[in-house]
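What follows is one chain in structure tokens, specifically the form predicted alone.
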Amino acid sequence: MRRLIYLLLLMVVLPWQAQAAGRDTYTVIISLDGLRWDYLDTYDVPFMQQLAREGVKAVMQPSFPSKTFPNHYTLATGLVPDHHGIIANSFWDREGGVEYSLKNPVTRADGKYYGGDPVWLTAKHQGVKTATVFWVGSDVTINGDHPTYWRDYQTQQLDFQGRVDEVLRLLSMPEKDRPHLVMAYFEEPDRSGHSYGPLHRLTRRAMEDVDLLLSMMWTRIQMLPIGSQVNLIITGDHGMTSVDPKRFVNMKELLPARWIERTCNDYPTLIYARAPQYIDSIYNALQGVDHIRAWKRGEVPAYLNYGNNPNAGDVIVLPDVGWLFADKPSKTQGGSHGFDHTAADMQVGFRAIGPDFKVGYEKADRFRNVCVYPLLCYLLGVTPSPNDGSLDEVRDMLR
């Protein structure tokens, strides 16, 4: 039935024609949380396969750590987490004496943590209307401002169909009010990947359901008067790997509690020492331990672009892919992420189609997700703010 509906939809899709880059075009970027790169090749996702045939197919490398909040805000700003400030889903604010956490509505909504210039403000301040549907950071007052149109993720929840309808509503607005950038977020397939693991049939089903929903969205977009002027990008924030409670390194067995003021137990684990003299003790105790790597703040390997932010832990501990370093093992046997951002399972799928993208183009090398920000600025015809990305790294995808 899914395939039949999909084929019927294809019959009514209007062909799009190339348009000049800039403000005569519109860009919709959809983030599918946890969009591991190989989901788009191995699962039954005909719309994603259509995008690969008729648009651009690529693999995108997340920034470290490969977590949701850090990487969504990296996509928006072009800055690695160490530079924009959201260095983990939770971390200790040394100056404020409070823990930032995405689960804490107060710190999550505090604009002081969100550095850089997100694209919805870059474009808005250059006269381009922008809209977001639950993108990380877009419901936070950043530099005193918001996108032209935005929704509060905490109080204005929409189901997936409602988010698609909102995208269509925004693109159907009168020309003088219509945003040229629409950014929307979906929790799947991350939610299923965590619960069941990346290879489970229910994770597959979640991905296939989202694929059908997005195919319907694209069909409806193409039927709009501006349909031929719309660029569509579908990507995500990180991949997903299988975890097992047996793959666990017990922090309590390695570190005396008297050395530690607090920890933020995630990937990576951020350890804040009780006093400066304990930093070396913590670091030395973790050297040579199987399945983990540990560094002092400021001594993290350069390729991770991490550990210089003042809110980073005194010691930063990164487990091997699929392992956990914490004070107790996980109770689940599903999936997780946050590991080394260069690992295969952490890579992200990327598809793009529209008047500014090549047809049937497969990018040979993976590209860094910091390059999405300058790409969006190019598509919108605006000047980017300082960032860690490069348009040249993704220019080959453009006509």
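In this text, all values refer to a predicted model and were calculated from it rather than measured experimentally. All residue numbers refer to positions in the sequence shown, first residue = 1.
Below, we turn to the form predicted together with a small molecule, even though it does not appear here.
Between the options 185, 113, 149, 218, the residue in contact with the small molecule in the predicted complex by a heavy atom within 4.5 angstroms is 185. For the options 350, 357, 69, 339, the residue carrying a heavy atom within 4.5 angstroms of the small molecule in the predicted complex is 69. The small molecule in the predicted complex is not approached by residue 305, whose heavy atoms all lie more than 4.5 angstroms from it. For residue 153, a non-hydrogen atom is located within 4.5 Å of the small molecule in the predicted complex, even though that partner is not displayed. Shown alone here, residue 272 lies farther than 4.5 Å from the small molecule in the predicted complex, counting heavy atoms only. With a 4.5 Å cutoff on heavy atoms, residue 194 counts as touching the small molecule in the predicted complex. Of the candidate stretches 277 to 285, 297 to 305, 102 to 110, 205 to 213, only 102 to 110 has residues with heavy atoms within 4.5 Å of the small molecule in the predicted complex. One change in the predicted complex concerns residue 142 and residue 156, whose Cα atoms lie at least 3 Å farther apart than in this form. In the predicted complex, the CA atoms of residue 155 and residue 216 come closer by at least 3 angstroms compared with the shown structure.
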